[in-house]
Each structure stands twice: as structure tokens, then as C-alpha cells.
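Single chain ahead, by itself, as C-alpha cells, in the form predicted alone.
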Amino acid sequence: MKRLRTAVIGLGRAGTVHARTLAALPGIDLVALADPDPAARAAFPGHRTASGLPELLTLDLDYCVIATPTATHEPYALALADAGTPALIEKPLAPTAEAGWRIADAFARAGVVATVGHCERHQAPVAELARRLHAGEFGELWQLTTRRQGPYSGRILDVGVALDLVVHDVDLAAWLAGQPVASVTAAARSLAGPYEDTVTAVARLHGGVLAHHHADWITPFTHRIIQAHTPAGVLTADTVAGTLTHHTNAAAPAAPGVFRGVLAGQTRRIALPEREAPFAVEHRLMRDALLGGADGALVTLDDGAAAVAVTEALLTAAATGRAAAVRRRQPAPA
């Protein structure tokens, strides 16, 4: 098997996890790391390091991870697309949907593989929930509820909780439902700076599914929950506990499309298959796609830009007090 030559630019928390994951993954050679901060580079003794992207582009890379601040994603991504170098770009894909679409267009024109690091799709409870929902095991999806709370670590300085946290859940909602978000209502509050620290939103997806989202940086414990309401009951994926629970609906209809109401039934824990850590999964998918495997499991750049577009609509709704439509991607220029 060919070993892929990889590099990481940006050695903050996410970049550090990417670097350590790549260093341990079979079939991968981590050939260089880049960051403008000498202290960040010094944390990786024994690895070739650089202060920026130009040096990395001389190393004949098979793909490069962009884990820099969100505002820098577009110039780095466009440089990689222009060089013909595949990329894994950390979420959010870009600070605006327009920038995300420009990135997507650049890689499409170049015919180069690229993906977005929406690693929450690869959490074991979420992946199993998605598999079962997409197989139709529980019937029609009615509603989704997400809650993503925790303390503020100070690691994110360039965006608020919407682009840092809610962007995960709006991506998960569209992916689980198989439908894009049409409109959003929301409320937000800023407590400690120029960006929002707490957000509550309701999204209406094409097809009618409702998604209720709450995220904040003001909670002294960590909470990561996704609930899917179906005729067969509620499925709860808890990525902190690593569990998937089914609260059954005792009134579930025998025939599809017949609503008999909802009654409390039994609660059962769904066994989860063994699964790698989320960062390892996304790099294995990238590795396999570049080595000739299917790339259908990769999070697309269009998906990443769509998630940013939803967060933009969310912030507009929070600022105006009115529902905001989600901007749709315009056709790429010829």
C-alpha cells in the first residue's frame, strides 16, 4: 500500500489532535507541521516544522490539513486547490457561506479531493443513529433536538458559539434528516465579548422536520446530546457517555403512516459496534478515498458551506427577532 505524505497547518487544539492522529495512522507519513508560533512548533520535536504554507507546498504532499483560525481557511484552501493538493479543512469550513462556496468551487474546478472536518458525524452513537435512521428502522423522522453545552476554555477567539458549536449540530440535522435547512428562528446572548456565548434556535428543514438546537459556553459541565423523535419512539445519542438509547413508543403503529399517539414504553440500550476515534475515522476515510476507494462518506465542501449558511441565518434571526431564510448555493461560475 502506498503511504500518503501529509502535513498539518495550524497547531492549536484541533491541529494537535490531527497531527497526533496522522502520526499513528497506518498508511500515513506525517512529513511536516506548520504554525507561525515557535512555541507551537516546539511541541513537536523530531518533526519537520515550518512557519507557513509555502514551505509545505514544496513537499509533494498527498493531502494537507488546515486547522488554522477560521478567517484564514479560504486563502489556505485556495492555495492548496491551485497547487492540486487535496485538503481536509477543519470546521467551520469558512467564516461565511460565500467563502465556503468559493472554496468548494476552487476544488471542483481543480478536480481535487477535499473534505470538511465535521468529526461529530463519526462519534460512535451518532454514526449508529444515522445508520439506523437512514435504513428506515424507526420510520419517519419527526423532530431532532440537540444540546451542546460546556465551559468556555478560551481556545476560540475569532468566532462565537454558533460557528464553533452550533455548526456541528446544524450539519448533523441536515445529514440525519437527509434534507437541507430552509429557515431558522433564534435567540442569542453575548456575555463576555463581541461574540455570542449562548444560542437557542429552531430550524425548519425542507420536508417538514423541526430541529431544536441549544449550545453555550456558560455551563460548568459538558453535555452533548442528540435526540431523534420517530413513530417508534425517541433515540438519544449521548456522545459524552458514548451511548445510544431507545425510549420506545408503546403506541407505535403497526402500519406505516398511521399516527396512534405516543405512550411511554420500554427503554433499551442499543449496542454500538467498535469504532475508531472520530479524527481517526475521518483521516481513514480521506486516506482510502485518495488510494482509490469510494469518497461518498467524506463530508463534502458543499455540506460544510451549507452548515455555515445555516449559522449565518441563525445569527441574522437572533439579531432581528424574525425568522431568517437560509441562503442557497448559487451555480458555480462557468
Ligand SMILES: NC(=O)c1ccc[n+]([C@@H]2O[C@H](COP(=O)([O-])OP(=O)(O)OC[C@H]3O[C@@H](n4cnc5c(N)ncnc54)[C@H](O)[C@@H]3O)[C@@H](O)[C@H]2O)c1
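The first residue of the sequence shown is number 1, and the count goes up from there. Everything quoted here is computed from the prediction, not taken from an experiment.
Just so it is clear, the following notes concern the form predicted in complex with the named molecule, a form of the same protein that is not shown.
Just one listed stretch, out of 204 to 212, 163 to 171, 191 to 199, 107 to 115, contacts the named molecule in the model of the complex at the 4.5 Å heavy atom level, and that stretch is 163 to 171.
Using a 4.5 Å cut-off to the named molecule in the model of the complex, not one of Glu140, Gly178 and Gln227 places a heavy atom inside that distance.
Taking non-hydrogen atoms only, Trp101 never approaches the named molecule to within 4.5 angstroms in the model of the complex. In the model of the complex, Leu129 stays away from the named molecule, with no heavy atom inside 4.5 Å. The shortest heavy atom separation between Asp60 and the named molecule in the model of the complex exceeds 4.5 Å. Remark: Glu90 counts among the residues lining the named molecule in the model of the complex, judged by a heavy atom distance of 4.5 Å or less. Think of it this way: in the model of the complex, the named molecule has a heavy atom of just one of Leu33, Ala67, Val308, Cys64 within 4.5 Å, and the residue is Ala67. Residues Pro69, Thr70, Thr72, His73, Tyr76 are the members of 69 to 84 with a non-hydrogen atom no more than 4.5 angstroms from the named molecule in the model of the complex.
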